[in-house]
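Single chain ahead, written as structure tokens, the form predicted on its own.
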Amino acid sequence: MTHSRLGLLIEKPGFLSLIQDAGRRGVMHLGLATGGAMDRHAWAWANYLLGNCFGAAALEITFGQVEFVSQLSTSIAITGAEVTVTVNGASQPLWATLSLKAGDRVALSAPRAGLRSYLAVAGGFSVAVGLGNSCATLHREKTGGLHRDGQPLKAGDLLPCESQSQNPPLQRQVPIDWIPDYREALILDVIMGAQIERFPSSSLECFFTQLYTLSPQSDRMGARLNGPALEVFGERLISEGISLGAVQVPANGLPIILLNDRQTIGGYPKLGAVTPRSLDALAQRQPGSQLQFRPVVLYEAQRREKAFLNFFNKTL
């Protein structure tokens, strides 16, 4: 396969590797999902280490096992899941900048902890944007991605980027306090919703005190949970818009946390919404992981999100 541009040539695409940015905005009224990086913490740090603007496209790698060859001199950063990264067979650090030369071969192992890795390149990947001024890959809608068809990367794909050989590479790493431990107990913050009156006190007590397990049927649309079923009053609602992180309770009583590629409307009662910062942690848990919930006030969730956006919109 021949390419007119240079970049990172994918030899082994892994289980699921997707081009993702901050997601599409202003398109849900058209029935289109937002998409975007599932773990914004790891994704944002990968770009930040390289001096890329907030929102730059990066590669979201699920379950690792990716190999590629750099066709040019550049710098990359790999954050997220605890994988082994090698350049030409030599182990390299995560959550830090790595300098590449033309011909360097990079490989990622399967994760020992966590689920998704984020690979960013200096200057960002040169991928065309579409609806919502985004290149986020949405397979279900066949939009976004490298070829704007919603498909994951495959062997032979080239991720185009610019050479950085004119500038000396900057060596940066994330402070240890900012690197999450994906093995620690997962407690998700939840903002109570407007339909809370549909859930009896016994259901709320159960929801906030019992353990749930992440189902293997979870995906980028929603995190399906196994555990105690919740009782709900009343019939299904008239379909309405669904926010990111909404905790929807269908007829079987088992909660579903709706995620980036969720449907835009739905009629099941919603207990509340998991906060964006907690969704980052959820995105790194493999099927079978246990989790719990705790209520938080809207102000606290807004404060944390504002702090996140203010920090990553700065330039190093």
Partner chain sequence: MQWRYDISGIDTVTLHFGRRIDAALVAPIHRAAIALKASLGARLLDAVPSYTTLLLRYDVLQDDLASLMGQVSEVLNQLPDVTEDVDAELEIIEVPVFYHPSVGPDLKRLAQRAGFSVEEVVRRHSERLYQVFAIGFAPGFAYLGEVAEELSVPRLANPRAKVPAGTLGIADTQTALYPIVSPGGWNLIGRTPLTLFDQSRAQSSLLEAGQTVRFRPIAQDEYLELGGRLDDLPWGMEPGLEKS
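Residue numbers count along the first chain shown, from 1. Just so we're clear, the structure is a prediction, and the values are computed from it rather than from any experiment.
One more form of this protein exists, namely the form predicted in complex with the partner chain; it is left out here, but the text below deals with it.
Checked against the partner chain in the predicted complex, the candidates Ser70, Gln248, Thr34, Asn52 yield a single residue with a heavy atom inside 4.5 Å, and that residue is Thr34. A heavy atom within 4.5 Å of the partner chain in the predicted complex is found for exactly one of Leu259, Ala281, Val27, Val66: Val27. Under a 4.5 angstroms non-hydrogen atom cutoff, the partner chain in the predicted complex has Leu131 among its neighbouring residues.
Taking the partner from the other structure, the partner chain in the predicted complex has no heavy atom within 4.5 Å of any heavy atom of Arg172. In the predicted complex, the partner chain stays beyond 4.5 Å of every heavy atom belonging to Asp219. At the 4.5 Å threshold, heavy atoms of Gln286 stay clear of the partner chain in the predicted complex, well away from it. Not one of Ile76, Ser99 and Ala155 places a heavy atom within 4.5 Å of the partner chain in the predicted complex. Stretch 142 to 150 is the contacting one of 85 to 93, 209 to 217, 115 to 123, 142 to 150, since its residues have non-hydrogen atoms within 4.5 Å of the partner chain in the predicted complex.
With contact defined as any non-hydrogen atom lying within 4.5 angstroms of the partner chain in the predicted complex, the contacting residues in 247 to 275 are Gln263, Thr264, Ile265, Ala273, given in sequence order.
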